[in-house]
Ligand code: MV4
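Only one chain is shown below, in structure tokens, and it's the form predicted alone.
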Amino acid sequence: MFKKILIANRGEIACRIIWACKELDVKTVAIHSEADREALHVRFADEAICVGPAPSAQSYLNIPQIISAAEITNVDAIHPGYGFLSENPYFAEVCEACNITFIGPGPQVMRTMGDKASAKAAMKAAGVPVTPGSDGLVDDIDAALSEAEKIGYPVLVKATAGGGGRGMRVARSAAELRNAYDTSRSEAEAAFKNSGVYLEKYIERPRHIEIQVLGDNYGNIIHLGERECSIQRRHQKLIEESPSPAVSYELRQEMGNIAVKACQEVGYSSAGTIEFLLDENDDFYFMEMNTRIQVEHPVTEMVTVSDLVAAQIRIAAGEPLHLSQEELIFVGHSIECRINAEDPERFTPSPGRITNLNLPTGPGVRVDTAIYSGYFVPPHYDSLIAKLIVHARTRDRAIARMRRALQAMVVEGIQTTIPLHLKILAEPDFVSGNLSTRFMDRFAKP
């Protein structure tokens, strides 16, 4: 096991990694920007180093500074969390060159699965069902128009290096495709320095179902069931749950086995997520793979009684998986609400100082957060400030428990999305499990 790990992240995921390290008796080093000097992860780590000014490009994305911090503090490994450098193969290669273990998959696997076009090609070759679409990138609008005619409208233009809904546009006609193609390329170039795009058939009302996987360095791979992630706004997830109300035992086995097969095909190790679109006929299609820990990993931990972050660390340290597929158990139902520092109506950021805070407690309630009373939520980073997770024996009880927990959660001084979550949980379609990625359209302003 490692003696000391540097956490190349901030916020709740940095704290989450620290808690796992404490249980493993591993020392931690926190990095932080000048804006995060008073952050909770800085307080709880064994050591802390400032790596630059507030902007991410000069701090949390500053590879030379992060590697310098790792070498100064003599760490064995770096855990990237999610976001920032977590899916950057170059960063993983730099860590490797400096004899520092990167807690995640190998750089080549990250490179293959991080590029949506190459990932889709790899999955297609492995026999994994993929959404009908172009074979690779479309290099100009004429090629895009030709592919769209073959696929059939509506189509989805997607950035090959995309994420979070950026570089993604729906086109329902040739006229719309011309605009969508140019917009997606421009957005992708600005966000990812990669303007490559490809086309997929647009499925009108799918569910977003993802399968959690764990693989070690010895070829052992298991899946830990599915997460329902259909409640999204602008392709950003708001609520996740496990198990999905739409997935039967047989479908879970089928999707899980295919996810494992996909990981075996690329030689995957560490924690990862295979994301699928599930249509109304229970047909599912590979969408992408996240080669990192997910924001919503706690719901899987709750229903499988596991610690995915600790598992990541153990795998990176060279330990084999301590659990087989047959030994895995699933217990009850878990729901997660992402609490963002945002205006719940306009979805604009709401940075500022938290003047009063009450976090809910009681049976089956978990809060992953890095905020505290008096903490200043900076305007420079993602607006996620807490994840509220509940667990109960049934979905109905989990919904009731989540309502109770949301009502007890008080965050004063800033605006949050708590009122929006309460609205969603009161919707009859949510209660009945009638979900799709279009669910949030009902809350759109006219």
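Start at 1 and count along the sequence shown; that's the residue number. Computed from a predicted structure; not experimentally measured. Think of the rigid core as the biggest set of C-alphas that the two forms share within 1.5 Å after superposition.
There is another form of the same protein, the form predicted together with the ligand; it is not shown, and what comes next is about it.
Asks: Counting any non-hydrogen atom inside 4.5 Å, which residue from 360, 83, 206, 107 sits next to the ligand in the predicted complex?
Replies: In short, 206.
Asks: Using heavy atoms only and a 4.5 Å cut-off, determine which of 375, 181, 284, 202 is in contact with the ligand in the predicted complex.
Replies: Spelling it out, the residue with a heavy atom inside the cut-off is 202.
Asks: Hey, with the ligand in the predicted complex, do 131, 168 and 232 all fall inside the 4.5 Å heavy atom range?
Replies: Yes.
Asks: Which is the contacting stretch out of 140-148, 73-81, 284-292, 266-274, given heavy atoms within 4.5 Å of the ligand in the predicted complex?
Replies: Correct option: 284-292.
Asks: Could you tell me if residue 333 has a non-hydrogen atom within 4.5 Å of the ligand in the predicted complex?
Replies: Flag for residue 333 set to no.
Asks: Any of the heavy atoms of residue 158 lying within 4.5 Å of the ligand in the predicted complex?
Replies: Contact with the ligand, yes.
Asks: So which bits of 180-198 sit within 4.5 Å of the ligand in the predicted complex, heavy atoms only?
Replies: Read in sequence order, no residue approaches the ligand (within 4.5 Å, in the predicted complex).
Asks: Note yes or no: does the Cα of residue 200 move by 2 Å or more between this form and the one not shown after the core is superposed?
Replies: Residue 200: C-alpha displaced by 2 Å or more between this form and the one not shown.
Asks: Core-aligned, does residue 158 move its Cα 2 Å or more between this form and the one not shown?
Replies: Superposed on the core, residue 158 moves its C-alpha 2 Å or more between this form and the one not shown.
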